[in-house]
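Only one chain comes next, encoded as structure tokens, the form predicted alone.
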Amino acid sequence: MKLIDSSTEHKILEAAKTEFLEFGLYGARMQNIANRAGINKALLHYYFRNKEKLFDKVFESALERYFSNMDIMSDDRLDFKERVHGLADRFLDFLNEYPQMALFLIKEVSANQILFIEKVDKNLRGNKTLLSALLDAQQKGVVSLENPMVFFVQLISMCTYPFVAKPLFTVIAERNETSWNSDSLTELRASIHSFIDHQLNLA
């Protein structure tokens, strides 16, 4: 039976998250993770036998954090528009804290869609997703959308792409003597809320 020290395990997982976010599953190195965690490689293998098992733990944690934002779509205390506004805010806050997470998820989902489906089913725990909530609201006449799928893609893209393409935008901004900063995020948030209000024609 392994003797697990929670503080050491936490350091390993934080180091692994940083390494995987930067390099993905196949580019990450166990030695780099050990170095980031301040431990030797043998101890790393004691806690996690191989890179794949460590990655699975990190990936599942990332998805759990990502999909926890969806809880608001099942909150009956809020009207539908409030739920969508709240979800957009949650996504923006999450990606502002973990800007690499969107690209990480896209890359790893593309590499292993079956794993992603399994993890989604586990993490949603019966909660609605944005798309399922939109389709349900459309069917019940709560909202009027020409195409709920298009709205879903547009909203997720508006929340996600600024963080996926942040390195590109940073270079462009610097070349034009401006910057992406907290004020930019505030303006982005306002424009997304305006988009939601314009698109969600409540019945």
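Note that the structure is predicted; figures quoted are calculated from it, not measured. Numbering starts at 1 and follows the sequence shown.
One more form of this protein exists, namely the form predicted in complex with a further copy of the same chain; it is left out here, but the text below deals with it.
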Of Ala62, Met158, Val143, Ala34, the one that lies within 4.5 Å of a further copy of the same chain in the predicted bound form (heavy atoms): Met158
4.5 Å heavy atom contact with a further copy of the same chain in the predicted bound form for all of Ile106, Thr129 and Asn176: yes
Any non-hydrogen atom of Leu13 within 4.5 angstroms of a further copy of the same chain in the predicted bound form: no
Close approach of Pro167 to a further copy of the same chain in the predicted bound form, 4.5 Å, heavy atom: yes
Asn147, heavy atom within 4.5 angstroms of a further copy of the same chain in the predicted bound form: yes
Any non-hydrogen atom of Gln154 within 4.5 angstroms of a further copy of the same chain in the predicted bound form: yes
Sequence-ordered residues of 89-121 touching a further copy of the same chain in the predicted bound form, heavy atom within 4.5 Å: Leu103, Ile106, Lys107, Val109, Ser110, Gln113, Phe116, Ile117, Val120, Asp121
